[in-house]
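Just the one chain here, the form predicted on its own, laid out as structure tokens.
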């Protein structure tokens, strides 16, 4: 039985979802993959920091957060290590980087990922910042150290679109990628088509937890732009930056626009797109009218989807969750299993 020791940088919804998966699936993982994932450290800016070289009980971690929102009352040999000390000083073999990160700067996640690789530790992350802003540098550092970076959860949560593109469709000749990669805006557009005006649809998205109190990153297209850069750079070999994405959000769409599309047999979607023409790769995020027959037009609510247009297979569409604590936690698990393989 192989044991893989993990340090979690961040213990919010994604970290708790990952811990829940380990609690519920540990026996199955051991039987099927002959592996035991052992959390040895957690460092969270708000909830506290714990380190036990012999392992922390994920049930106790989850119970503590549910009871008090904090890890500070749990016993552990070592406490109060900040993120960088947790990365450098613990016996973890892999760092699970799931802290809050500013997409404009990629920090603090870029610093965390770089520190982990320099310490000789694999990294899995669901943070878009490091991948959208400096993946070539980080992947080169990983290769030089004989390490791996898992980033599946940065685009469509646990739905494996990056692995599909880099592995299963790598030889099919991907020419175009179109996707609904932001569940908040897709939910809002679905509600507007059902008759809700934009302010009402946004308020409902916020009430359901799909949209933040400040929804700018979603509704102006910035979140989708970060994801489209990742798709372009990882799947098409580009070196795009966020500034090179032609980005327009959904805030200018009106009920009249929605009605006009419906009358024409079409539907508005916020489409993130990457196009490859020869050696040139371009990317955009913008509201787009799709014919009802298009596979992305039928994707409603907070669900995400991507259509790959390839030379050998034509169009291949993948539909699945683009958010959620268990779905994103599963992305981390899939990346860790890939590292072990």
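Numbering follows the first chain given and starts at 1. Note that the coordinates shown come from a computational prediction; the quantities given were computed from them, not determined experimentally. In this text, rigid core is short for the largest set of C-alphas that superpose within 1.5 Å between two forms.
One more form of this protein exists, namely the form predicted in complex with a small molecule; it is left out here, but the text below deals with it.
Checking 98, 181, 229, 161 against the small molecule in the predicted complex, a heavy atom within 4.5 Å turns up for just one residue: 181.
Looking at 219 to 227, 89 to 97, 106 to 114, 247 to 255, the stretch with residues near the small molecule in the predicted complex, meaning non-hydrogen atoms within 4.5 angstroms, turns out to be 219 to 227.
Although the partner is absent here, residue 21 is not a contact residue: none of its heavy atoms lies within 4.5 angstroms of the small molecule in the predicted complex. The closest heavy atom approach of residue 200 to the small molecule in the predicted complex falls outside 4.5 Å. Of the heavy atoms in residue 267, none are within 4.5 Å of the small molecule in the predicted complex. Under a 4.5 angstroms non-hydrogen atom cutoff, the small molecule in the predicted complex lacks residue 333 among its neighbouring residues. After superposing the rigid core, the C-alpha of residue 206 moves by 2 Å or more between this form and the one not shown.
Relative to the superposed rigid core, residue 241 undergoes a CA displacement smaller than 2 Å between this form and the one not shown. With a cut-off of 2 Å and the rigid core superposed, residue 215 has a Cα displacement that reaches or exceeds the cut-off between this form and the one not shown.
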